[in-house]
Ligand SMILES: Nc1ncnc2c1ncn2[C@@H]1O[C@H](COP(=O)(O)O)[C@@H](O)[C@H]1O
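Given next, in structure tokens, is a single chain: the form predicted alone.
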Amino acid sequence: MSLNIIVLVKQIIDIDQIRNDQKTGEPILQNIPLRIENLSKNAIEAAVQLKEKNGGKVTCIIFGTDKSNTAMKEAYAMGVDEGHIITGYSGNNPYLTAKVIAEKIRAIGDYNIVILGNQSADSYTGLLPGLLSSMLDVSLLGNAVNIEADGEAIKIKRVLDERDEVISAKMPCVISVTQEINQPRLPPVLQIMAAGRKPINMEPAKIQVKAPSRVLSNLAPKSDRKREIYEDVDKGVETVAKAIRGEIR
């Protein structure tokens, strides 16, 4: 059975390059490049592998900005067939994101699976898979480390603390993946060049939802170490040892 798969991709600033202003404590975001969030790459790889095994089509949705073209071209190079960028994203409001993406998925219509990362590196809320499942009224298979199509159903494996678990659901369904599911591919040069010639569908978000919360501060927490100088080395060693023993406990 061929599969129509929708993969959700999130573009974030490269958080490894963020530095804080030493005077104000605010993050310095100017001139930091954007990149595809790591778990979104796992989701793309999972979707493309399913297509390669079962046949079908992979459609990518990015809820981002007019600067998301680079991310979509990278998704194309990895094996995505069609891409949609919905502009108008601001902030990290999972409810707003879910409303906009669910509306787009309904507009696309015929799909079997929606695949996305189980969380994102810039917010870690982990709410989007459940919200989408509820809004689309389909089953959620969460934290997958393996995905297999089984007739009219999808079967996933997930790793729990004490055991592995295999669960399944009828399609259509939403699947969230963990980073352990695969190693995202590095596309060859020819695929990267071909990706640059593919059309990208871009449209503004049609749903405006007022955020139920707002960020009051994003300042880095202040930290100050206790400084003690011991002229008596033996006494200093004893104090340090007590502090270490206390941390271990």
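Treat the numbers as computed from the prediction; the structure is a model and nothing was measured. Each residue number is its position in the shown sequence, starting from 1.
Omitted here: the form predicted in complex with this ligand. The next part is about that form.
In summary, the region of this chain contacting this ligand in the predicted bound form, judged by heavy atoms within 4.5 Å and restricted to 137 to 145, 71 to 79, 159 to 167, 94 to 102, corresponds to 94 to 102. Of the heavy atoms in residue 61, some are within 4.5 Å of this ligand in the predicted bound form. Although the partner is absent here, residue 126 sits close enough that one of its heavy atoms falls within 4.5 Å of this ligand in the predicted bound form. A residue is said to contact a partner when one of its heavy atoms sits within 4.5 Å of a partner heavy atom; residue 120 meets this definition for this ligand in the predicted bound form. This ligand in the predicted bound form comes within 4.5 Å of a heavy atom belonging to residue 8.
Heavy atoms of no residue among 52, 111 and 112 are located within 4.5 Å of this ligand in the predicted bound form. Among the residues 195, 205, 48, 39, the one placing a heavy atom within 4.5 Å of this ligand in the predicted bound form is 39.
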